[in-house]
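Single chain ahead, by itself, as structure tokens, in the form predicted on its own.
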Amino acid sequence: MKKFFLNLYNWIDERVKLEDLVNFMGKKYVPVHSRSIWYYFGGVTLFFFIIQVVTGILLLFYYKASADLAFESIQFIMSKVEFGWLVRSIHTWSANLFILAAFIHMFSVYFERSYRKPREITWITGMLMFFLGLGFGFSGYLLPWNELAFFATKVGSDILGAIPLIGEELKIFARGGEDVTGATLSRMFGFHVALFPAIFTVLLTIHLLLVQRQGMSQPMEMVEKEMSEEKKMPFFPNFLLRDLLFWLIVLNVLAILAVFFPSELGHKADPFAPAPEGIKPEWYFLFMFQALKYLPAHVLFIEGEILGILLFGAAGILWLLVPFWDKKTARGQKNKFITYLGIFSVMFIIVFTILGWLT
């Protein structure tokens, strides 16, 4: 068996020069320090995305993207298809863990200032993928066509429609019409399985190429001290094997969640029924949803909801462009305002998510 794999390796190597790739990876090094653990969450986010793609393809074999058949097709998957309930549960949980890992990866990069020159494009592509990840969550939420997803999508698209100047056009574009109907389901299905994955794949390719080209960033204090060779590890095989081990750990966590807390389907959506009490978005939108609830009806001459949407939009743009306005202090030290802003953002998201969950 060993000889077989060796011959196979040599056969492939003669044609695609695997040895050159191995030598290239062997020359790459990863910084080793007390915060090296955060390097692994980028790979974990990628791992959950791969699981999303694989399980999503499996679900597509049976899913019907129409208002008449979507709910029943999910029922069929969960009750009739062998291990269908498990595949759907893995898809749902991996979607949530994908967003969670992306949040952790984003904030770890932010606090380490890993977005600074020459990694501005890496940060921007990562943030655009993060926004697309939220788009994946919003578009995929409606696909089961159940009661909760229907009214949550209606509320979410209504909030989208509150954006000044272009809000109404965006709402109609997202819904495929004036109201949430079967056209909305088809529109969200197209976003979820075609448009968003295509854009995400392009951004992911650019992002990974930049990471490989530029290497892992070092904490600012270590850059100034010029780390010695003893504080680095080879990317291949040392870091890669540790990364794969981390993937195995999170795969076990995902399996436990999917088996012991399987996804529920609920009741089929009825557009003519009243909205059930306590409609809430998914947890990663909950902090924004809860913050909008606390705003007064009017702030000066602006509606409170519109003001909140404008503030969140401005915050997202500033966060995306942080590499261009975060500057060192006069003494070349970290800008403490950036650290305080990051701490405030984390606490804001956690507190308002908890409040939204409890109320």
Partner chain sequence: MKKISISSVILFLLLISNSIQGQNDKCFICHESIGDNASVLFKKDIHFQKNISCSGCHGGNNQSDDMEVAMNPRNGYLGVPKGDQISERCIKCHSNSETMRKYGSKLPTNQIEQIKNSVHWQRSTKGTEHIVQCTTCHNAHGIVSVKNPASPVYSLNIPKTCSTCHNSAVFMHSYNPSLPVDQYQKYITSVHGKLILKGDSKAADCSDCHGAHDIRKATDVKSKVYPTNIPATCSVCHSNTAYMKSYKIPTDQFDKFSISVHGKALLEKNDLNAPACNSCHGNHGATPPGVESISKVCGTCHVLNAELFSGSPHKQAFDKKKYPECETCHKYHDIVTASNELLGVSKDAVCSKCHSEKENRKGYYIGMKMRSLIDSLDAEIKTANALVNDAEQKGMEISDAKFKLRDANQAKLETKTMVHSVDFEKFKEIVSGKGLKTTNSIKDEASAAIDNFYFRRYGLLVSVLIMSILAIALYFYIKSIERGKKKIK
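Keep in mind the model is a prediction, meaning the values are calculated, not measured. Positions refer to the first chain, counted from 1.
Below, we turn to the form predicted in complex with the partner chain, even though it does not appear here.
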Practice problem: Look at the candidate spot formed by Lys80, Asn238 and Leu248 and say whether the partner chain comes within 4.5 Å of a heavy atom in all three of them in the predicted complex. | Solution: yes
Quiz item: Out of the stretches listed (138 to 146, 185 to 193, 164 to 172, 257 to 265), which one is close to the partner chain in the predicted complex, meaning heavy atoms within 4.5 Å?
Solution: 257 to 265
Quiz item: Among the candidate residues Arg242, Arg116, Lys280, Lys231, which is the single one with a non-hydrogen atom no more than 4.5 Å from the partner chain in the predicted complex?
Solution: Arg242
Self-check item: Sole residue of Trp85, Phe111, Phe200, Phe103 within 4.5 Å of the partner chain in the predicted complex, by heavy atom
Solution: Trp85
Quiz item: For Asn252, is any heavy atom within 4.5 Å of the partner chain in the predicted complex, or not?
Solution: yes
Self-check item: Contact test in the predicted complex: Gln75 vs the partner chain, heavy atoms, 4.5 Å
Solution: yes
